[in-house]
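Take a look at this single chain in structure tokens; it is the form predicted on its own.
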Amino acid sequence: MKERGECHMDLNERKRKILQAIIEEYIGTAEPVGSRSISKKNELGLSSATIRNEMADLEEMGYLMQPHTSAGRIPSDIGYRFYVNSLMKRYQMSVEAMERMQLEFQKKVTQLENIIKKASMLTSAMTDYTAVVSTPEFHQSQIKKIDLVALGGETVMLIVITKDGIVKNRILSMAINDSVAARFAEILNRRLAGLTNDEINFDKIREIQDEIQSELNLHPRALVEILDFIYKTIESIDETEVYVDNVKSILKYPEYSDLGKAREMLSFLDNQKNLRSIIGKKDGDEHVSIRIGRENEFEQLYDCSLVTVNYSLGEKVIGKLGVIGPKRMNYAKVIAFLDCIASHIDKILYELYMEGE
């Protein structure tokens, strides 16, 4: 597990137990935790006064904060980090949860995009947090098929499908009928299918311009614009996309009761560039990454934690799935669920692309 900002001050066993009790209490209630609450609910064998003194020490050491005078304490980012690295217990998934997950992934899915969408929906449903899942980074995707579908009027849908199961579609303005669209697609497939997107450069696209022009009698300027559009679509195939699910779950948490803050967060999560930055960040060889509060790069996530788990094709990590939630999330539960979902994705991808090789 990725260790960030580990404190250099050692905690004795008593302080560890008190810190653990405070954090677990706060995860459940979202209310500042007082010494009396800890002494009553935990079998520490310590008086309220002793716990209060230890809490004051933990605050001075940076593990706890007191949001208001006379209020209880809440964990700091450093406190959460110490908890995640040193105190957190392994979460045991229920049989019901594992069966539900198994059932979902038993449903036959052969299109990569649908696998990722399913993983995103299942992640949000199982954790009740905002799910973020990146599409795989295959690089050099091989074109399987190109379709042009006339939608009526002057609108055509371009559909590009790769052998890895990636589907890209775009709408373009083009006044052609079904038969012309079919013939156009036939030429594109004959000349481009089987090539990787790296092999399909602009010169390659221009090579087929004369053939299309002579057969379909399209206006030269319109044809150049269309081929340029097709080239840009193919060029973008390997660009990572991030699917987000259950964004509004953030609004349920007290941390985002301020309307302006909530709007800023929702706007941030609606931007693909932001999402690619947070989930695409490299974490070395770590299978699980946890970024707490100000460990996150963006200010919008300072009140959040981002937990991600890698998924792989064989031995190669090709994508991530994760959740964004309050810092007081149940980290052990989230990691257990993400790890299980990632394992299912690994298995499906192996069966689709490597089995029988």
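One-based numbering along the sequence shown. Nothing here was measured: the structure is a model prediction, and the numbers come from that model.
What follows is about the form predicted in complex with the DNA, which we do not show.
Under a 4.5 angstroms non-hydrogen atom cutoff, the DNA in the predicted complex has residue 46 among its neighbouring residues. Although the partner is absent here, residue 14 lies within 4.5 Å of the DNA in the predicted complex, judged by heavy atoms. Not displayed here, the DNA is kept clear of residue 304 by more than 4.5 Å at the level of heavy atoms in the predicted complex.
Of the heavy atoms in residue 72, some are within 4.5 Å of the DNA in the predicted complex. Considering the DNA in the predicted complex, the lone stretch of 310 to 318, 327 to 335, 60 to 68, 295 to 303 in range is 60 to 68 [heavy atom distance within 4.5 Å].
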